[in-house]
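One chain follows as structure tokens, the form predicted alone.
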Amino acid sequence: MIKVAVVSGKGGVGKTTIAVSLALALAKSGFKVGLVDADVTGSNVPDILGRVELGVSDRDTLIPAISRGVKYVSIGQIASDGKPVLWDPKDVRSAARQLLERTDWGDIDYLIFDFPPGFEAETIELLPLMDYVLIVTIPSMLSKSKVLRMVEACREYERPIIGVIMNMSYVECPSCGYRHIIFAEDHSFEEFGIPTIAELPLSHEIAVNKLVNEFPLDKFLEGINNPVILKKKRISISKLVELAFKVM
């Protein structure tokens, strides 16, 4: 079972849409796929795949719901609709872990995780357990600054990075096909050797369906075979002494 984290530096960049679209594209291609809504306090996966209640087996494990060939679990299928999940961070971490470990996944090829934005409790708990990371962002410097922190987190945990999906990159004119650039601060992460595997439009169709129907699955699978693993940075003795004095 290959575990793939779909992450972002900040919210509102379309991470859940990408995670669900990836899971559906894999299932359509014949893979056995599971999807974990790892955003415990802000789950959205049931809003796309359906708010079907989870079952419980005789072994006290969760039985995932199934939509279009994808097995999925979410706190959104357990908590009351519209009610906030006001849990202590340690309980959030525990819940995220249990969605992974206490679900009866059966025979699975890929398990996709829709992470919360940034560094919430769920990310701290689950990121070290991932086999690969897929980063979702938009071409805004405000988003890039947050994604850089996620890149450094992947470096710290030595997690292989598949690449970056640049969402909401442009709007395409339906009449002439001309691409209007939305953000002025276009950027990439090629300085780290991380490829941009897709640039997706700000699209009415995607917004309505909450899905990317033409997901670039070939680029994703190519990235699985050629991931980027950043070497951990070593902190010098002088730097450690400097940090120690700042704490004292």
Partner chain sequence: MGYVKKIIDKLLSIQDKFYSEAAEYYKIGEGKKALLRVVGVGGDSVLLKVEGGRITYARGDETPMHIIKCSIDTFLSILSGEEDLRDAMTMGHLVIENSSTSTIDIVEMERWSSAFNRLRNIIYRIKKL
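Computed from a predicted structure; not experimentally measured. Residue numbers count along the first chain shown, from 1.
The form predicted together with the partner chain exists for this protein as well; it is not shown, and the discussion that follows is about that form.
Is it the case in the predicted complex that Glu53, Lys83 and Trp87 each bring at least one heavy atom within 4.5 Å of the partner chain? Every listed residue reaches the partner chain in the predicted complex, so yes.
Give me the residue from Ala95, Ala153, Val171, Ala121 that has a heavy atom within 4.5 Å of the partner chain in the predicted complex. By the 4.5 Å heavy-atom cutoff, the listed residue in contact is Ala95.
In the predicted complex, does Lys144 come within 4.5 Å of the partner chain, counting heavy atoms only? No, no contact at 4.5 Å.
Should Ile75 be classed as touching the partner chain in the predicted complex when contacts are defined as heavy atoms within 4.5 Å? Ile75 belongs to the contact set for the partner chain.
Using a 4.5 angstroms cut-off on non-hydrogen atoms, would Thr61 count as touching the partner chain in the predicted complex? Answer yes; at least one heavy atom of Thr61 falls within 4.5 Å of the partner chain in the predicted complex.
Does the partner chain come within 4.5 Å of any heavy atom of Asp109 in the predicted complex? Asp109: no contact with the partner chain in the predicted complex.
Okay, which stretch from 112 to 120, 159 to 167, 99 to 107, 128 to 136 lines the partner chain in the predicted complex, with non-hydrogen atoms inside 4.5 Å? Going by heavy atoms within 4.5 Å, the stretch is 99 to 107.
Can you list, in sequence order, the residues from 1 to 27 that come within 4.5 Å of the partner chain in the predicted complex, counting heavy atoms only? Nothing in this stretch is in contact.
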